[in-house]
Ligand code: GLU
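Quick setup: one chain, the form predicted alone, written in structure tokens, and binding and motion questions come after.
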Amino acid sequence: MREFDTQTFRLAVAQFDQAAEAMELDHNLRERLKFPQRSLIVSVPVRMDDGRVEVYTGYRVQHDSSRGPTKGGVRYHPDVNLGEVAALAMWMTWKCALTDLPYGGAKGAVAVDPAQLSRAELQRLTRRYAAEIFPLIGPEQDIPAPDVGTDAQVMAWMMDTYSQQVGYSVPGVVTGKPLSIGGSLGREEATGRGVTYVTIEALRHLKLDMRDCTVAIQGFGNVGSHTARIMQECGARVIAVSDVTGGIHNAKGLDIPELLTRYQTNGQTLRETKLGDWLSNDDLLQLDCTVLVPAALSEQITERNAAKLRCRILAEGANGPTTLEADRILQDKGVFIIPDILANSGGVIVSYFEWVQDVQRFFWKATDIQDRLQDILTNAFHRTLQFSLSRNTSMRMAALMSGIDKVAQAHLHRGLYP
């Protein structure tokens, strides 16, 4: 379908095709699972503070609902498009299946730069977007969550807009909300904590000690910042972090608590913190380190730079950060890859916990959430590792094949309607 034809969507489909071929997936199912079950494109008119009206384009894509309601974040980014949203929804389907969550994958987005909006404009945009996608969402249908450019406040506005439409409070319609309206402890840090948990298991598999581990992290938003903090708390030495402007490097290890204070609380840029030597994002990817965590946007590691990577473990905090060509180069180099649908699944797992708590009206302690998250991710990691070893295939293909198989089994048992 031409409307989905973007580089990110082609990557998602190429990964799927490779896994489907290896597992000899039924051709009828292959065609069905390549494209979303449902896609919605909406106009989002917003009255700006100066009185003029700007019209933005919004999306909500539901890839597959065979195993339960669909689940996925809402992204605010100026360069987002239907193909990218469809790819992210597909990856979310495999991610949920791989970790045994009773969800299918979805994704939403608005093509906008939220940094250019006032708080009032951001609220009006969010509420109008939520109203436009209202027919598709609901706690038993499709549950949005935060993503790039959105946060707990945006989710609160979406939850309130939906609740106003139905006439009563529905906290379970979104996850990643503030605690005061049904959010969950541990949700904000969940993806970064999950990256850390699977990295610990990879280090154990490779017989490496976390206390001797050096870590470089591309991206210092929600995922990257929490990964840095939790990795350091677990004994690793975080030697470099970066954001869209570039990064800082200190071979002796960065002071992450001080960095977070200056960067997040005091609003300094990474360069202004002066806690390390300045370097570019490309330079960061090529640092000599034990663990490299790409936690920014898709397709950062390509055939152009893959051979220059000097990490032992690549833990993919972002979605689709590595192209297929780069995959082959890294495998030949002996890099142990923890694929995105496993490495960054902590966010959707704790989103699932939040949804369960909202539905039950019964909330858990932070330690319960951390323990359950670690249990699910540890089991998923070792299932994937054993599949990889038994089938003599990469961790990425093992993860994809495991997730795809669970979705395929759901379709085969449910049959085709009508």
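Note that residue numbering begins at 1 and tracks the sequence as displayed. The model shown is predicted, which means the values in this text are computed figures rather than measured ones.
What comes next is about the form predicted in complex with glutamic acid (GLU), which does not appear here.
None of M92, V241, V293, A343 but one reaches within 4.5 angstroms of glutamic acid (GLU) in the model of the complex through a heavy atom, and that residue is M92. The contact with glutamic acid (GLU) in the model of the complex, taken as any heavy atom within 4.5 Å, belongs to G347 out of P321, G183, G347, G224.
Stretch 66 to 74 is the answer when you ask which of 66 to 74, 360 to 368, 28 to 36, 47 to 55 has residues with heavy atoms within 4.5 Å of glutamic acid (GLU) in the model of the complex.
In the model of the complex, glutamic acid (GLU) stays beyond 4.5 Å of every heavy atom belonging to K177. Although the partner is absent here, E84 is not a contact residue: none of its heavy atoms lies within 4.5 angstroms of glutamic acid (GLU) in the model of the complex. Proximity of D147 to glutamic acid (GLU) in the model of the complex falls within the 4.5 Å heavy atom cutoff. Glutamic acid (GLU) in the model of the complex is approached by R187, whose closest heavy atom lies within 4.5 angstroms of it.
Looking at 104 to 130, the one residue that comes within 4.5 Å of glutamic acid (GLU) in the model of the complex, counting any heavy atom, is K107.
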